[in-house]
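Following this are structure 1 and structure 2, which are two forms of one protein chain, each written alone as structure tokens.
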Structure 1
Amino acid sequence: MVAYLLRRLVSLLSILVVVGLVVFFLVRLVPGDPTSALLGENATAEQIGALRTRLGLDRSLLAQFGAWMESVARGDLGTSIYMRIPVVTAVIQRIEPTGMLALAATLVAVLLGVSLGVIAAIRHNTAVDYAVMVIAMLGLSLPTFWLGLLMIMLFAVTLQWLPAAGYVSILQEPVASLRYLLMPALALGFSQAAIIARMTRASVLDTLGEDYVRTAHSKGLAAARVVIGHALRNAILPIVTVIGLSIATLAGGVVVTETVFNIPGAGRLVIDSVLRRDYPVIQGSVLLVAFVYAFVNLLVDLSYAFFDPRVRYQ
């Protein structure tokens, strides 16, 4: 177990180095640099040169990358060029809306996906099964931003049931915060719910025909107990894998959703930083997303032993 964990941690660090390398050089391929965003079009060559020297942009790319990776190794993601505050501080200031949105979308995806998948498996080859599969296909086909715009038009503009955009801190007004999160969470979680539903249906179908499930039925156990306690329990590993991937995907999907619903979260921070050519914020934010993605996958792999004691790590 310890050796496996150490190998995974080394692999995680390798992933972060590769992601850092790619994002560092990729953002510098985009035309323009921070000096044009800070000084404007009327800046003189002397002003641009002085600012580039102050920001360290006059050094070679390899020297800049080495200095950045050295600071990252110390836990310092750099300082925002535009906001002039540490990148970690900038992310922390925006983390609540993003965290709440990701959590709410995860709950929607897991609860809706697992429930629909189990129902479809129980009602295999019936109208209910076909209806669930149609819903799953819609979830996989509809872009998140387009679904979000449709929901805004229906529930905010036409029916006026929910606010169209914005965010209220859950620490200040919990009920209002949930009303602001409802549409974004549904729009973001619907596509992942479709993936989870398809995997749940397939996995539960495989276990419903096993001997131990038929034995449980023959003992007179309630149908719900048989499905949840026997079929779903033994089909949980592939479902957990898909849920883990969905959580990691949701962490990256909040960028588009926050833009559509005008939520002042970390996703909006990344978009604004791209427009401003704020290199440290872009690099730090992408590195944090990569870390979340890899760490969630590590937790999912470690959770296999909890759901199935037969799993051994080598």
Structure 2
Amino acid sequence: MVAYLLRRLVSLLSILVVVGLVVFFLVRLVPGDPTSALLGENATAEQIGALRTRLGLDRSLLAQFGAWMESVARGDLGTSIYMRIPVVTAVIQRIEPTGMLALAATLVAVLLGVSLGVIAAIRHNTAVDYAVMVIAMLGLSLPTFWLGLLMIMLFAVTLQWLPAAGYVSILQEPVASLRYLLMPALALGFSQAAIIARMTRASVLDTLGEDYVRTAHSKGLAAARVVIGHALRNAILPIVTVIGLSIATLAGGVVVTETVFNIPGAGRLVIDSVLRRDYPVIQGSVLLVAFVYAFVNLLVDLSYAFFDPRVRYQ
């Protein structure tokens, strides 16, 4: 287990180095010099030269990459050109709405996806099964942001049940916060629910045919206990894998959903930074997300042993 963990952490590091390389060279792809963004167009050659030396831009690319990775390892992701605050601070300021949205959407996706998948598996080849599969197909195909817009039209503009857009901190007004979160979480979670439902259905269908399920039925266990305690319990690993994978899609979906619902989160920060050409923020937040994602994936892998004690890490 310890050896496995160590090996995973080493491979995590190698992934982060590749990610770092990609992000580093992406910003170097940008036509023009970052000094022109900082100094404006009327800077003298001397000013530009001095700034280039100060930023280390006169060194070789390899040396620049080394220096950048070193500061990243120290937790220093640079300073925002536009906001003039450290990138880490800027992201932390925006993390609450994003975290809440991601959490709520995952909750929606797992609850909706697993229950729909189980229901479809139990009612295999009936109208219920087909209905669930159609819903899942729609979930895979409807663009998250369009679904969000349609929900705003229906629930906010026409019915006026929910606020159309915005965000209220859960710490200040918990009830209002949930009202604001409901639509974005549903819009974002729906497509993930579709993927989870399909996997759950397939996986539970496989275990429903097993001998131990028949045994459980024949010894008189209640149907619900057989399905949840035996069939779903043994079908859980592929479902957990899909949930882990869906977190990456969610991270991307957050950016779009925050824009649709005017949520001042980290995703919105990325888009604003793109429009302002604030490269350190783009660079830093992409790296942060990659780190969080890789870490979550490691947790997902480690959770296998929790869900299935037969799993051994080697």
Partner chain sequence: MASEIASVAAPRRRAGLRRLLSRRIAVVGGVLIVVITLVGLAAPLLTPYDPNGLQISNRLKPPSGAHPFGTDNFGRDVWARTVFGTRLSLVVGLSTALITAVLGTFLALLAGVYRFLGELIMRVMDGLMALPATLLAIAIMAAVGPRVENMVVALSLVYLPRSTRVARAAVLVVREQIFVEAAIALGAGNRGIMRRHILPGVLSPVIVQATYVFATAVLLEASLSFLGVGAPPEVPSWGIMLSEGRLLMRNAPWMTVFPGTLLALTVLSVNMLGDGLRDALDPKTKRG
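All values derive from a computational prediction rather than experimental measurement. Residue positions are counted from 1 along structure 1's sequence. Rigid core (definition): largest C-alpha set, two forms, superposition within 1.5 Å.
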property: Selected structure - the one that is the form predicted in complex with its partner chain; result: 2
property: Per-residue C-alpha change between structures 1 and 2, residue 259, threshold 2 Å, rigid core fit; result: no
property: Rigid core fit then residue 271 CA moved by 2 Å or more between structures 1 and 2; result: no
property: Core-aligned CA shift between structures 1 and 2 for residue 65 (Å); result: 3.4
property: Angstrom shift of the Cα atom of residue 49 between structures 1 and 2 (superposition on rigid core); result: 7.4
